[in-house]
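Only one chain is included here, represented as C-alpha cells and corresponding to the form predicted alone.
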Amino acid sequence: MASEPLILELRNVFSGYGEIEVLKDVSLGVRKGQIVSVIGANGAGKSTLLKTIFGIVQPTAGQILFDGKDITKRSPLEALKIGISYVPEGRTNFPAMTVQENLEMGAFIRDDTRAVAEEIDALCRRFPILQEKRHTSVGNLSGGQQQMVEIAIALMLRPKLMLVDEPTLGLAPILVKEVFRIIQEINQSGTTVVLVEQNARRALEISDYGFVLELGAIRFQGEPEVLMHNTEVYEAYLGSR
C-alpha cells in the first residue's frame, strides 16, 4: 500500500469560519486504496477538515491536491464531478422521499439513466435492508437504516474518494459493527476512504493509516499499530474503550 500514489494531499492548509480559524497548517497525504482515519476530541477540527476537502468550507491558505491536481478552490459540485463524495455527520437525506427516490437523487449529475437504474438495483442487493425498504419513505426508517441510505447515496456517483463523518454516531453496537463492515467492503471494491469517527479504536482497527487532530493541527500520525501503542494517544482517545 505504501507504494501507491497519493490520491489526496493537503499542504499547509488553514481553514475556518469567518474570523474563527479552525485548521492550522494541516499537511497530510492519503494513498490510493487506503482507509485513513482522523481521530481527535470534539472541537479538534475533524469535521472542518472534511468540509474543507469537499469545498463546503474554503481554505484561507494552503493547497489541496486530488489525483495530483489542485482543487483548493473547487465547489462541492465540482468535487462530486471529479470523484469525491461526502457522507456528512447526521442526516442529509430527503425524509419524505422513498429510498429509491433518494438513490436517484444521489445520481443527479449523471445522465446515464439505464446505468443509474442498474446501479440502484446493485446497491439494493448489496444492502438488503435497502431492498426491503426500497419504497418506504426514508423518514420512516431507523437511524441505522438511514445511515445505510446516506452511504448508498454517496456511492451513486462511483467515487474515487469517500469522506465519511461520524457514521456510527448514535447507533446501537450491532449497527456500528455493520457500518464498519460496509466501509471496509466499499474500500475493498476500490474506493479510498477518509473516516472521521468517534470510536477511535475501531476506526484505527480497520484503517491503513491514522491522523490525530488536536486543536486544528496534526499532533500524531502513523500506522494504526503505532498510534495504538502511543501512550498519549492511548490515554486520550483509546483508554476508555
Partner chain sequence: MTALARARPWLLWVAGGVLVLALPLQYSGGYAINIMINTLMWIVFALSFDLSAGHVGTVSLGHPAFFGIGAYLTALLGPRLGLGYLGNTLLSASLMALLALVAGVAFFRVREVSFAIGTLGAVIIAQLIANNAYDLTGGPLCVKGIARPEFAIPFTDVTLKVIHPLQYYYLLVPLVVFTIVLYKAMTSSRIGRAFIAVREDEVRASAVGIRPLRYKLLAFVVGGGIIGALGSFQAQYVTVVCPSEIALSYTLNLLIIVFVGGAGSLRGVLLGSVIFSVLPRLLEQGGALSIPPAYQQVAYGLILILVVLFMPDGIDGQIRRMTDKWHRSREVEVGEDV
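Values in this document were obtained by computation on a predicted structure and should not be read as measured data. Residue numbers count along the first chain shown, from 1.
Keep in mind the form predicted in complex with the partner chain is missing from the figure; the text below concerns it.
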| task | Decide if the three candidate residues Ser75, Arg91 and Ala154 all line the partner chain in the predicted complex, where lining means a heavy atom within 4.5 Å. | result | yes
| query | Does Phe54 reach the partner chain in the predicted complex, with heavy atoms at most 4.5 Å apart? | reply | yes
| message | Even though the partner isn't displayed, in the predicted complex is Phe127 close enough to the partner chain, meaning a heavy atom within 4.5 Å? | response | no
| field | Contact test in the predicted complex: Ala96 vs the partner chain, heavy atoms, 4.5 Å | value | yes
| said: Does any part of Met105 reach within 4.5 Å of the partner chain in the predicted complex? Heavy atoms only, please. | reply: yes
| query | in the predicted complex, which of the listed residues (Leu161, Leu80, Ile71, Leu123) lies with a heavy atom within 4.5 Å of the partner chain? | reply | Leu80
